[in-house]
Ligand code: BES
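Below, in structure tokens: the form predicted on its own, a single chain.
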């Protein structure tokens, strides 16, 4: 979709739909900005909507007006902006997404009337509009929600280079979030590890990223026994995808950001087999890896000032005749041994070898994202992802990026006392610690391999996928994490 900034008055724009944001009305609050202007031009139509109770201005509320007086647009969509005092990038993103999802099947051109007070959220408006175009039905032969929206204009009083830059960055980030969503939504038969590798190579070639793919033999020679143990029950070979972005100019810092994403393209649980109910969603067990690939796709275009390398260990966890068994002991790349008490706790086993390899490649700061535990959903539901760390300063930096990106994180503990639950009589550590505090013990397991490197672990198990569509988002993959990681790198 073509997106651009236009300077001038919204009343003279000829388009299929003009979008005007209107606030939630409270006693004594007067209309301001474009909402007040439209109300005046239309002879009080917006005030009539408030007075009649047809519109209250709450978030995600949309009223469509046909050929109102005072503007050249064929239709005007009045979109609820919520409380004025609380309006920020998240509200801008959601408002744009809500109206685009509602109108995209019948609208060719849309103009957003952006108040001067909201112009700083140009990137968020753009992100919302572009992510709203995505649908999960791309494998349907009939009955698809076809997109007719070809262009979106954001009308401001005066266009500046900063606004253009912000709008463009938002579009790129959203397109790359949608790229990640496409990967997550692919079923296991169409996206085994080798296909994920192919798509990563294709992306790297198109955008000029460096790529290295470690196959089974190379990983075996290096000693990645933890990762390889997970893969041995599948006919599909495992890989470790390494994508590297290097700034054109030498970085002013020695920092090197490493992004590690879990890439289990399908997870049956292995010998510790999952229940059949809901297992079809386990195609999304590579959402962390997809988020890292989407991030690298964006960074290749936006060009941050620091080097960033993504590491995506990708396997299929199957209960084949050669599958690893509960009670098996494997040796990781770092030399530590793990007793595998549950083969369905496989994500942490592939992540630790990737984390060790990332450290060996010179990464000074690490962020990993993984659909790691159901326990995080018990703790936080699908509203927040859990954020774990060994370095509070770095966690604060990641949370700041997530707030700017409109992705919710909640700090979780990694106290050393959780380590006691991972004791093993036969190996250095066990891969599970029981039901109590399952998300915390999983994070503490990863922490064992991170050691002193500043690190943040995001458990995105319930934020990576929507079971039901929302007014601003389709059912299916969300691409959670892409916006946060892009923001983190761009504002390092």
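Residue numbers count along the first chain shown, from 1. None of these values were measured; they are calculated from a predicted model.
The discussion below concerns the form predicted in complex with the ligand, not included here.
*Asks:* State the residue from 319, 326, 108, 374 whose non-hydrogen atoms include one within 4.5 Å of the ligand in the model of the complex.
*Replies:* Of the candidates 319, 326, 108, 374, 374 is the one lying within 4.5 Å of the ligand in the model of the complex.
*Asks:* Find the only residue in 41, 430, 65, 462 having a heavy atom within 4.5 Å of the ligand in the model of the complex.
*Replies:* Of the listed residues, the single hit is 462.
*Asks:* Taking 4.5 angstroms as the cut-off for heavy atoms, does residue 353 touch the ligand in the model of the complex?
*Replies:* Looking in the model of the complex, residue contacts with the ligand do not include residue 353, since no heavy atom lies within 4.5 Å.
*Asks:* With the partner left out here, check for me: in the model of the complex, does some heavy atom of residue 342 sit within 4.5 Å of the ligand?
*Replies:* Result yes; residue 342 sits at the interface with the ligand in the model of the complex.
*Asks:* In the model of the complex, does residue 297 come within 4.5 Å of the ligand, counting heavy atoms only?
*Replies:* No, residue 297 stays farther than 4.5 Å from the ligand in the model of the complex.
*Asks:* Considering only heavy atoms, tell me if residue 199 and the ligand come within 4.5 Å of each other in the model of the complex.
*Replies:* It does not: once the ligand is placed as it appears in the model of the complex, residue 199 has no heavy atom within 4.5 Å of it.
*Asks:* Counting only heavy atoms and a 4.5 Å cutoff, which of 209-217, 91-99, 261-269, 128-136 contacts the ligand in the model of the complex?
*Replies:* Only one stretch passes the 4.5 Å heavy-atom test: 261-269.
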